[in-house]
Every structure is written in C-alpha cells, then in structure tokens.
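There is one chain below, alone, in structure tokens, taken in the form predicted alone.
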C-alpha cells in the first residue's frame, strides 16, 4: 500500500452519497484526467502493482430457473450447455487445493440456483468448512438467500457472498423479469447482517445507456459499507441468449467504468472479470491503470473462454504486476514464482470453471 500523507488519505474518503449527476460528471472527464484521478485514489489505498487472484469453480451448472438475458445457464434459453448436478465435496476440495497451490488466495464456488434448497445447502456448508480449512478465503454464489441461510453460511466460515446487481434499477427489467432489484438488495442485506463480506458488481455492454452505467455504480456505492469486491464484467455474447447480437461496448467506455468504480469505492477490490478474453493486452493494462486490482484466472470461466494462464503470466511480467499476498509470511518474489510455475503447469477440466457474467 502506498505511504501517502494523512491529508492525502483524507482527500479520498469513502462516500455513500454520490449523486447521479456527480457520477456522470466523472464519466465525462477527459480520459487522461479520469485515469489520473483513479490512480491517485488507487495508490492511496492499495499497492498499485498487486492484483488479487481468485479461482472459480462451478459446483452446479445449468438449468437455472431465472431468465437473465445474458446467461447461458438459464433454463429459458437453448445455448447447448450441458446440465450438471451438484459436485461431490471431495472434488470441490481437490480443486480448491490445486487453486491454493497455484497461488490463488480466494476460492469461489457458484451454483445455478434461484435459491438453495435445504438438502443442497447442507452439502454446500460442508464445502465451505473444508475449503476454509485449507487456508483459502471462501466465496459462494447460490442465488437469493434468506436471513437464516445467510447466518448458516457465515457460521460455516464463508468469507464472501457474490450477488451482482447487474445493471441500473431503471434498465433491470429489460434484462431480468424473474427476480426484482429489491430481491437482490434484500439478499445483500442478509449477507451483510450475517457478518459476511459482499462481492457485488454488474455487467456492461448489455445495451444499457451511459446513464445506466452510472446508475449501477451509484447503487453499489450507496451500500454501507461498500462491497469489499466489485466485479465489473463485460458481456460475453453467448449464442442462444437474447443478447447474442447486442452491439459491442467500446473498450474505452469499459475502462472508464473501472476508473469510476475505483473513485466511488476507494477501498474495494475492483475485479476485471468476465470478458477479459475479448480484451487485448493494452485494454487490460488500461483497466489495471484505472484501478482494477483483482482477476479470475484459469483456462475457462465455465462456458466462455478466459485468457489462458500463460497469457496472464506473460502480461503480469510485462506490466510488473504481482499477485496480492496470500499471507504475511510469503514475500512477493516467492508468491510470484509460485504463480508463474502454476500458470505453466495448471490444466483443469474446462467444465469445472464458470462464467462470472452468469453469476446471479
């Protein structure tokens, strides 16, 4: 973390009262000015060259009853995705152990459910306990939770719960009809009340307006405290989904959103998430410069391609980036060496990894 003066730190305190017009004004800044401000904020709170590395595992794939128009896992669309039942606990632990050996600090598990059933939640709780016992941070996305379910996950040791807002409240109904915006906020409230950390972000490039992007970030910034992790996804257009032919998002508009997220939520990890496989190295470099400091890595994110591990290793090396430390006992050189080695060796069954854009 940077060693900025107390007065400099005070210049970028977390806020929860951003007006929509203020956020739109940030988006409208000249690109260089916006990135400069985002860098100032980023360096105030983080090591500018450290990136938190997560691995994701789909523990139950496909046949989701929700109608999210971007999602290949929705049972409403024919995307050719094979349905898979809930993975066995030992298989999940095996993958978590491999992820830790590969240098990941957080292990994320996702199930394509509207909400977990009791018989499934019992299995999921044991997954959390056993993955946590490996010394990894744990994250789950299981759909909507009630207060009792959130409490049980917290008691099992779950660190993070992922539940994205996806887009602005105004555009939400054009993307999803089977769950309301209030439902999503209610789940996040249960998660926070149970004492867990929140992972919540959205998806850009779904045909939304610039004002919708500002509205999404305003909703996230209104959460008090801010989400500890904010995944910013670029839509992956999957054939068979209603959004397969939507117009491409300008990569510079995506980078702008990363920068604004960094300014609005200065202490959150902003995750460069789904859509990285469509970005060239220069776009990714700009995203890191804009304040992104978290990624998913692996050969796939369930149903869509992710930058291959060798490409990530090469990009980290060229940019002088290193993984955020797993613990305080391992120095950066050792951590980098571990990840470098793992990125060469690691090959995992493609079907195990899931698309962050399909996270509900």
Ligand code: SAM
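On a predicted model such as this, the values are computed, not experimentally measured, just so you know. Positions refer to the first chain, counted from 1.
Form predicted together with the named molecule: not shown, discussed below.
In the model of the complex, the named molecule lies farther than 4.5 Å from every heavy atom of residue 242. Interface residue remark: residue 163 is counted as part of the site for the named molecule in the model of the complex, having a heavy atom within 4.5 Å.
Although the partner is absent here, residue 266 sits far enough away that none of its heavy atoms falls within 4.5 Å of the named molecule in the model of the complex. None of the heavy atoms of residue 138 is located within 4.5 Å of the named molecule in the model of the complex. Of the candidate stretches 86-94, 164-172, 285-293, 125-133, only 164-172 has residues whose heavy atoms lie within 4.5 Å of the named molecule in the model of the complex. The contact residue chosen from 274, 196, 220, 145 relative to the named molecule in the model of the complex is 274, the criterion being a non-hydrogen atom within 4.5 angstroms.
Exactly one listed residue, out of 203, 260, 191, 270, brings a non-hydrogen atom to within 4.5 Å of the named molecule in the model of the complex: 203.
Applying a 4.5 Å heavy atom cutoff to the named molecule in the model of the complex picks out 166, 179, 184 from 165-192, in order along the sequence.
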